[in-house]
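In structure tokens, one chain follows: the form predicted alone.
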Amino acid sequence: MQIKMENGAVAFPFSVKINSVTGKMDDYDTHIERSLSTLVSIFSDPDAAEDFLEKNGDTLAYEVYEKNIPEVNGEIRFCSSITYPGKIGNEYFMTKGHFHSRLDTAEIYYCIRGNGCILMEKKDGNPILENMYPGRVVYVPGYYAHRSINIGDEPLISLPAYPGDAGHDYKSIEDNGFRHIVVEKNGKPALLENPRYGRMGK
């Protein structure tokens, strides 16, 4: 089903189903796949990421299914987000992360399956880490960069929802990264300073 629009807005209600095991959305409009080879630079140890690729080949790190809801004020965009399990060295697989283009816009993440966390940081670098598990909702206020991190051994599936005109600023993260990273330490996730912060794109 294509969303019918009238004057830039959704004209009719609609519904979709998200598979709680795979995370796939039925009747989606857009499907985004991010393989590890395209994400090497976001890890704190890109050499370890290259070694992983050489030994294991490319692998799917995360994917997103979404409907083409208008990117305008008054609409709510949502998607199904699936982050797969794995580690580069001791750093967990994660999404690229982003600020919103409209910095003051918020977002929620409803966890459907898996075990993970949402890392949130303002531009001053103060980090907040919230756990994700089935039934848990994480609220991301405006002005916070955020990313999903899979700390478990099965896909981390969530339903993010955000204002239609929020937009995504990936470039700030591509250039600078997050000030903090989440790694496995003594069998548990730990929050550490990112040794490559400010030079991720170099």
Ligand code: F6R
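In this text, residue numbers run from 1 along the sequence as written. Everything numeric in this text was worked out from a predicted model, so none of it was measured.
We do not show the form predicted in complex with this ligand, though everything after this point is about it.
Contact with this ligand in the model of the complex, defined as a heavy atom within 4.5 Å, is made by none of Phe43, Thr59 and Gly86.
Remark: Tyr170 counts among the residues lining this ligand in the model of the complex, judged by a heavy atom distance of 4.5 Å or less. Proximity of Glu107 to this ligand in the model of the complex: non-hydrogen atoms within 4.5 Å are present. In the model of the complex, no heavy atom of Ile149 sits within 4.5 Å of this ligand. Proximity of Lys96 to this ligand in the model of the complex falls within the 4.5 Å heavy atom cutoff. Contacts between 65-84 and this ligand, taken as any heavy atom within 4.5 Å in the model of the complex, involve Cys79, Ser81.
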